[in-house]
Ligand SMILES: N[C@@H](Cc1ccc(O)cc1)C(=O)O
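Below, in structure tokens: the form predicted on its own, a single chain.
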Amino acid sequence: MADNSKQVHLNNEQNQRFNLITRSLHEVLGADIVKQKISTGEQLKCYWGTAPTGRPHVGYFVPLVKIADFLRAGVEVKVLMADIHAFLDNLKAPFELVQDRVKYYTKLLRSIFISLDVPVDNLIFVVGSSYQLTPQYSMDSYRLAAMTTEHDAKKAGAEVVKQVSSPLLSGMLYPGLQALDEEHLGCDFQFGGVDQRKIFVMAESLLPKLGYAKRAHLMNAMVPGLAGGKMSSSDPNSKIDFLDSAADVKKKIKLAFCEEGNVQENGLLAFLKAVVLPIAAYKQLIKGASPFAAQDAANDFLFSVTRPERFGGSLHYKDYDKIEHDFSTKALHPGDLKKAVEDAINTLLDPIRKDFEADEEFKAVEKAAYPPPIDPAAAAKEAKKAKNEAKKNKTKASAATFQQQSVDSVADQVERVEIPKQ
């Protein structure tokens, strides 16, 4: 973790807060800004944004575990439901559908934080369109556009905005608007993955030119998906959704890349390091035991791999490094690791699934946000049926019209007949 902080004196309690806020991060830009705020005793404010498009998957645990550290350190965390950003990013979803997904994300994220036993008093959800359509924000976006080149906009969003052969102008607006969010959300630092570094650097450069304060930027490392590459909402086999059943989890873990002895690009090991072990340590601290350790393990163990005695008996771990060592030396078999990670993920998801099943509003919001896919064959059949029905109705209408016209014509002719006088 890089730390480019200036000399700001912190007492022991303040240092503990700073260390909690910055631990396990890949990089920190502007640590002095965070330290200065802590040293004065002012409320430290953070913002983290997510575009409500695809279904959130367990990869979200990675930033949420870090946000949990912020909340424990007394930081006010604003979670931006970036509906405008979602719409701008190559129209990934219709804007009307995005509004339903905002509601679903809000419900789900709150449920996740509660399941992690994280204090949520300082957790605030903000919908982007609530302020991004105001005159001041619009004027700021025009001012920013006047000082940003096409090259810089493309470069800043290269790792975040979907890249296509003929990019829309909307995708180039995305990075600058994310920079403006820091000012309009009133944060002291923005948090995100290291893939957003170029946007963060752009923000540090542009905001002072607009007359606004420079913010700090805290970045998580990227965690590989189950297939070994980036965990993606568009690849169903690389991710596990928060509402996936235990059977779905088992199926997806079975397909995960996990070559014996290979610790590189291993999504299962990365998930243990970034998510399971930090949660285990916190649960152990507040509840006296880790939910991921076997019942026969001592209370100071965080994670267990349960296996029969004929295969060497169960393994119990106090830290991640020993897990990685055992896997790299082939003392821990991929099959046993997969089963242990499967159990850990189900332990994490169980309270969220129960919350969902007990909340009718939660279920209704999920259904509206992600309506079932349309079967092309069934849709074609319905369209043909509707077309035939329309044709039949048109024929009936034409016949009725002709009949009425005939009656009207006869009536008209009767009216014109001169009846001879007697």
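In this text the structure is predicted, and so the values were computed from the model without any measurement. All residue numbers refer to positions in the sequence shown, first residue = 1.
One more form of this protein exists, namely the form predicted in complex with this ligand; it is left out here, but the text below deals with it.
> Taking the shortest heavy atom distance, is Leu123 within 4.5 Å of this ligand in the predicted bound form?
Result no; Leu123 lies far from this ligand in the predicted bound form.
> Are any of the heavy atoms in Ala51 no more than 4.5 Å from a heavy atom of this ligand in the predicted bound form?
Contact check for Ala51: yes, within 4.5 Å of this ligand in the predicted bound form.
> I'd like to know if Asp181 sits close to this ligand in the predicted bound form, meaning any non-hydrogen atom pair within 4.5 angstroms.
Yes - in the predicted bound form, heavy atoms of Asp181 and this ligand come within 4.5 Å of each other.
> With the cut-off set at 4.5 Å between non-hydrogen atoms, does Ser290 touch this ligand in the predicted bound form?
Residue-level check for Ser290: no, no contact with this ligand.
> Identify, from the list Leu268, Ala203, Ala82, Val77, the residue with a heavy atom within 4.5 Å of this ligand in the predicted bound form.
None of the others qualify; the residue that does is Ala82.
> Find the only residue in Val249, Ile352, Leu173, Val160 having a heavy atom within 4.5 Å of this ligand in the predicted bound form.
None of the other options qualify; the answer is Val160.
> In the predicted bound form, which of 143-151, 190-198, 269-277, 314-322 comes within 4.5 Å of this ligand (heavy atoms)?
Going through the listed ranges, the match is 190-198.
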